[in-house]
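Consider the single chain below, provided in structure tokens and representing the form predicted alone.
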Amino acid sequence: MAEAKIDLNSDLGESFGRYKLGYDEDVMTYISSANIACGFHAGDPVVMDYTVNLAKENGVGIGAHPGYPDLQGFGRRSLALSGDEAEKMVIYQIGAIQAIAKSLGAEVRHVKAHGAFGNDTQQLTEKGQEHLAIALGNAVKKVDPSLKLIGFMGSRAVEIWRDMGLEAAEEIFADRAYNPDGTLVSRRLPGSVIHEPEKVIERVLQMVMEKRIVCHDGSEIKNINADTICVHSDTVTSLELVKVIRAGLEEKGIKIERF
């Protein structure tokens, strides 16, 4: 019988200049993959260098975390970009983190879109919205097709990337509430972010072991697939959450390992 294992990822390197955000040094010791901001929604060259080196020292998989060019809005506001604009935006950001990784003797392994860009890329309700998912896939194919993409569990974007010949890992969110269609509840709504460790680990074990998600309205999504779990590092209780999740999974015999 194959050993049960899953990846645990977090969005890191989101400080900027003198402004410190998150608990990167502590969170990094519990995760297996880090999605590092590339300077558009957060981060700067010095922060990127520091975070990539931190991941390298901890044996954590390094990923590019491209977002919309919106520092003031932390990349959580949608921008109306064409497919070509989105593709070039992603190429630019992947290139930045790859250069820093190379200078440190490290390697970028994956790409995960941030914030509103991630939502716009993957919460596809109409065929006409697929241009951003395609743009993200095209950017990866042109820069380095060996890079793995992280996408929402069961999303149309994951299908698109796999049809393009790219590898895609399906992601579940430990600390976010779900809609019945598999999309995330808007951060503008109460209860969209879950802070309580006991609730988070209960949800994670349901998703990983029982392969089901209990949505915010009480309905369920069943027979899900999960390759990686995300814990947001800017949540107030993020360090406590990542500790509880890792301990809870390992207690059930599930190994935390890079996808």
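What you see is a predicted model; the values in this text were computed from it and never measured. In case it trips you up, residue 1 is the first one in the sequence shown, and so on.
As for the form predicted together with a further copy of the same chain, it is not shown, yet the points below apply to it.
- Checking 142-150, 184-192, 169-177, 156-164 against a further copy of the same chain in the predicted complex, the stretch whose residues place heavy atoms within 4.5 Å of it is 142-150.
- Looking at I134, you'd find every heavy atom of it more than 4.5 angstroms from a further copy of the same chain in the predicted complex.
- Contact between D26 and a further copy of the same chain in the predicted complex is not found at the 4.5 Å heavy atom cutoff.
- In the predicted complex, no heavy atom of L249 sits within 4.5 Å of a further copy of the same chain.
- Contact between M48 and a further copy of the same chain in the predicted complex is found at the 4.5 Å heavy atom cutoff.
- Taking the partner from elsewhere, no residue among I31, G63 and M209 has a non-hydrogen atom within 4.5 angstroms of a further copy of the same chain in the predicted complex.
- When you look in the predicted complex, the only residue of C38, V200, I229, A55 with a non-hydrogen atom within 4.5 Å of a further copy of the same chain is C38.
- Of the residues in 223-253, only D234 comes within 4.5 Å of a further copy of the same chain in the predicted complex through at least one heavy atom.
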